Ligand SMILES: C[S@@+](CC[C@H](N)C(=O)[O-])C[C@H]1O[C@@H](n2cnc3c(N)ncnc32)[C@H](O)[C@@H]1O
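Single chain ahead, written as structure tokens, the form predicted alone.
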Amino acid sequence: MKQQQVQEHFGRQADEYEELMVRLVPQYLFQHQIIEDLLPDEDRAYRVLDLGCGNGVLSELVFRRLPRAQVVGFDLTEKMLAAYRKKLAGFTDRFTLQAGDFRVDPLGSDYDLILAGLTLHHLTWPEREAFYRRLYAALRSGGRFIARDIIIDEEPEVTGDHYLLWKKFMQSRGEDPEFWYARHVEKDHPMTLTDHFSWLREAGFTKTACHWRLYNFAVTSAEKP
């Protein structure tokens, strides 16, 4: 899917993003707790990049857990950034927003934490491998990268089983599974955890870990030594 198509796709979802994700992503709200538990504990002024920030659902976790953190919210669509401003209006002194295509636009630097929520699967596999080196460069030493993303299994038959289970989940939540599966095939490039961790390590990351996985979704992390 081309950049303009992706922009239009998510622009239309901005007003109901969280409600839609609950219907499309198994245990979506439970994943928030997993991610929050992975945030650091020390009370200091962390610098955070929320990559593909959407309406700010992960930034809200940061603001709640880390009272002195400053967040850069980065997203492709102005409508999503407008939804972010509305949702997190009570934290306007703690975030700045940047509209752009993270594949080509500067990400900034000296982050203590980078979050990527359901966004990296828009990168092709060659783009993903190179992008991890950019993420590594954007982090400070000791920084952490946390990702929630769509994955595929190393075994194709297992991937097929996972997609069937995902479709059943969406149907049980009142969504059209074939519609969303077709959109997924059209615009997404999910990867295996094996390649994900391999490319992270090649970029220089250590302590690569999977903290939660269900069907074709996972929450992972890595650290910059």
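We number the residues from 1 along the sequence you see. Values in this document were obtained by computation on a predicted structure and should not be read as measured data.
Same protein, other form: the form predicted together with the named molecule, not shown, and the subject of what follows.
The stretch among 63-71, 49-57, 161-169, 188-196 whose residues place heavy atoms within 4.5 Å of the named molecule in the model of the complex is 49-57.
Contact with the named molecule in the model of the complex, defined as a heavy atom within 4.5 Å, holds for exactly one of 86, 103, 133, 140, namely 103.
In the model of the complex, at least one heavy atom of residue 17 sits within 4.5 Å of the named molecule. Residue contact with the named molecule in the model of the complex: residue 80 places a heavy atom within 4.5 Å of it.
Among heavy atoms of residue 28, some come within 4.5 Å of the named molecule in the model of the complex.
Although the partner is absent from this view, residue 118 contacts the named molecule in the model of the complex, with a non-hydrogen atom inside 4.5 angstroms.
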